[in-house]
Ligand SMILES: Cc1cc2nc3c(=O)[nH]c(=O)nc-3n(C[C@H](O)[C@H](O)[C@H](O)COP(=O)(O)OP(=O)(O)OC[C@H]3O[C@@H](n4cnc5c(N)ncnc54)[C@H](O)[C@@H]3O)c2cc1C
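We begin with a single chain expressed as structure tokens, specifically the form predicted alone.
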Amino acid sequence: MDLREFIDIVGKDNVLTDKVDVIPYTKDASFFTGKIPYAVLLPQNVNQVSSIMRICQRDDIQVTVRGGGSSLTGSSILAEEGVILSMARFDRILETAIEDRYVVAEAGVKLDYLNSHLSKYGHFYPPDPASSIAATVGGSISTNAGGLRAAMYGATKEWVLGLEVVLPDGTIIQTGGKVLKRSIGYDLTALMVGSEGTLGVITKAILKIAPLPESYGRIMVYYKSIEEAGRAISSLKKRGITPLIAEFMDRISMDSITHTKGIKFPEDAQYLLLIDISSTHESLDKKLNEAAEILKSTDILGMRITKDPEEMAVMYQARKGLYSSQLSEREKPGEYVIIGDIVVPASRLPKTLSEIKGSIENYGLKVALFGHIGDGNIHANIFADVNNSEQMKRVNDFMMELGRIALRNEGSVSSEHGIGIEKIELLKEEYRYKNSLKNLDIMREIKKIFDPKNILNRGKMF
């Protein structure tokens, strides 16, 4: 490939071609390995992105946009030969408007950095994926990321006011704006959220922000039964309590944290619920006690309530690092941890969790269960050797069954990780189950309008 035009646009130092430089871009946080890129391009402004896209459309060069590389479904690696467009240089916070409750940030800004900046003003950006130390504004918008605080604040789509996007032909468009509501036809901002880099290149975002919670405390509850853990969340929501955070972990997850972080849990506990309640300083104790009484009505093994910021911070970081901690539970070094990601209504959690447990036993797999149980989001982390074809067939069959369990319980096959490469068949399964395969046809037509030559993230989603 002739790279001279790209070098003219971004400079020689921002066109990576040496094998040692481009090989890392064949991997993201998923278990997939992508094609080796012809080059990794690092533009520094929107006009450079526009020029790059014009050349790629003209020459039919496949482009995959990459943020922090934290995709769990293979969204940020090349499925076919082409170039990687890295947003690493788009790392500036451009405007902070506390009075109007928004911040303007470039696509490559990492979420933890954004929240460190906003904390100086007593505010924060609520979407909180576990990978927030690496996840970027653009990447999290592209997958409609959720995270720990989604129980109270919802997913990314609730917090995006507007976008700057470069289309495949190089056209730069603005969608949305700095106001909280508008009614001006089709919502192109919403269309971009969750599109996984298949429609355009997000270069800048206008994001809603919120005041930091005044005060919060934590309840940690232990169970023997997975059904009781699910019932506990259902009971809290039925009584009108919306936790700031509501997470659950199984024994494998707790053991992995013990082995990597030194945090110990009761030996007879099979499941842990971690519930954060936020309120004013004056009413926090009352709300914690109300939640605790509801939880005590379920079959608990033990409970701990704390408001100690240091203790809560340690456990919070342990939960966010759970994926990497679980690598300590592999039976051999070559194993991967393959993450399932489904969601069901809170009222369906007890039945769903029971069905998942039965399915794990049927397929004879080692699976760690955990997730953002407060919004019905369950992760099933499967330990598997990707080079073992017989085991991987069971893994794939289990993943399909996991999706079907979610659908039978009025949920979805993908909660917050997107479709990427991993869930193409599951996406079809969901629309087939809902007798709505026409939805895929509509999505393909939208893709053709935005990207007629199919150069953006080819091989993903469809």
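It should be emphasised that the depicted structure is a prediction, and the values quoted were computed from it without experimental measurement. Position 1 is the first residue in the sequence shown; the rest follow in order.
One more form of this protein should be noted, the form predicted together with this ligand, which is absent from this view; the next part is about it.
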Checking V65, I52, L426, L402 against this ligand in the predicted complex, the residue with a non-hydrogen atom inside 4.5 angstroms turns out to be V65
Only hit among L407, A29, I61, A39 for heavy atom within 4.5 Å of this ligand in the predicted complex is A29
This ligand in the predicted complex reached by all of A346, T352 and S414, non-hydrogen atom within 4.5 Å = no
Heavy atoms, 4.5 Å, this ligand in the predicted complex: which of 195 to 203, 236 to 244, 290 to 298, 223 to 231 makes the cut? Say which one.
-> 195 to 203
Can you check whether G139 is within 4.5 Å of this ligand in the predicted complex, heavy atom basis?
-> yes
Does the 4.5 Å heavy atom contact test between A151 and this ligand in the predicted complex come out positive?
-> no
Indicate whether Y323 is a 4.5 Å heavy atom neighbour of this ligand in the predicted complex.
-> yes
S131 within 4.5 Å of this ligand in the predicted complex, heavy atoms | yes
Mind listing which residues of 85 to 108 have a heavy atom within 4.5 Å of this ligand in the predicted complex?
-> M87, A107
